[in-house]
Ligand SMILES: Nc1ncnc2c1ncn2[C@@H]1O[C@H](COP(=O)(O)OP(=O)(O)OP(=O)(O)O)[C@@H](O)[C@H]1O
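Take a look at this one chain, the form predicted alone, written out in structure tokens.
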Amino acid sequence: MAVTAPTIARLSGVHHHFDGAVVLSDVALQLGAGEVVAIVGPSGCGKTTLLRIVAGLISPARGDVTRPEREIGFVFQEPALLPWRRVEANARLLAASDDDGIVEQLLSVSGLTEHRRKWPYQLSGGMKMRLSLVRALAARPRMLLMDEPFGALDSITRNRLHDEFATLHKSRGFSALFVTHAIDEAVYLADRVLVMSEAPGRIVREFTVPFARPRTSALRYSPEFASLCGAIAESLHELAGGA
């Protein structure tokens, strides 16, 4: 499906391999300005490799990649905070020198203001992930890439962070591309969900998420939400050779 907003990133005919093993094959995708897109697929299908190619951390063996030259934020599976810097100092690590209060805004929105003087080891797993997200957004990225950022959290914390992410997205207007194994997470956060095949990975299905923003927790229990999650799960099951 064509993206109606101006395109901020585009991949065409992307192939990649490691030690002769083909990981990605003929991948094409595009990300519109202000759009949130989720990528789901079987383990080992190349989702993280694809994300790193979009980030410019890996050059594909073949294919075309268009992305912003700068202004790219990356949130990894692990928070990777600097243990010798307090919460506020970690949050300011990537902020511009002419910071206009964005760090204060992000700390407030993410509920970390009262924890600003703590050390990373004093934070819960959810707080660490919030801080990782704040640090990435403090750099004012046009495009945010996330590799299963909520995967290690309990469901209650994960759902709270989904809403905090949505609030930050609304206030900052960045584009986001993220990898997840959780179908409900993809549907709750994204505008589109892309389904990848087993390795060598390629994008084989696309689902448009029709739910208006802002989304609330009640959406998770609606028949429409369950139906879309079920359709994506069925697509993944078919790709895995299910009956």
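What you see is a predicted model, and the numbers here were worked out from it, not measured in a lab. For every residue, the number given is its place in the sequence shown, counted from 1.
The protein also exists as the form predicted together with this ligand; that form is not presented, and the subsequent description refers to it.
Any chance residue 30 has a heavy atom within 4.5 Å of this ligand in the predicted bound form?
Looking in the predicted bound form, residue contacts with this ligand do not include residue 30, since no heavy atom lies within 4.5 Å.
Though only this chain appears here, would residue 113 touch this ligand in the predicted bound form if you measure heavy atom gaps against 4.5 Å?
Contact check for residue 113: no, nothing within 4.5 Å of this ligand in the predicted bound form.
Closest heavy atom of residue 124 to this ligand in the predicted bound form, within 4.5 Å or not?
Although this ligand is absent here, residue 124 would stay clear of it in the predicted bound form, with no heavy atoms inside 4.5 Å.
Quick check on residue 88: any heavy atom within 4.5 Å of this ligand in the predicted bound form?
Flag for residue 88 set to no.
Of these, 183, 195, 45, 55, which has a heavy atom no more than 4.5 Å from this ligand in the predicted bound form?
For this set of options, the contacting one is 45.
Would this ligand in the predicted bound form be within 4.5 angstroms of a non-hydrogen atom of every residue among 72, 74 and 163?
Judged in the predicted bound form, none of 72, 74 and 163 sits within 4.5 Å of this ligand.
In terms of non-hydrogen atoms within 4.5 angstroms, which of the given stretches 209 to 217, 59 to 67, 36 to 44, 186 to 194 touches this ligand in the predicted bound form?
Stretch 36 to 44 is the one.
Suppose contact means any heavy atom within 4.5 Å; which members of 16 to 41 contact this ligand in the predicted bound form?
The stretch touches the partner through 18, 19, 23.
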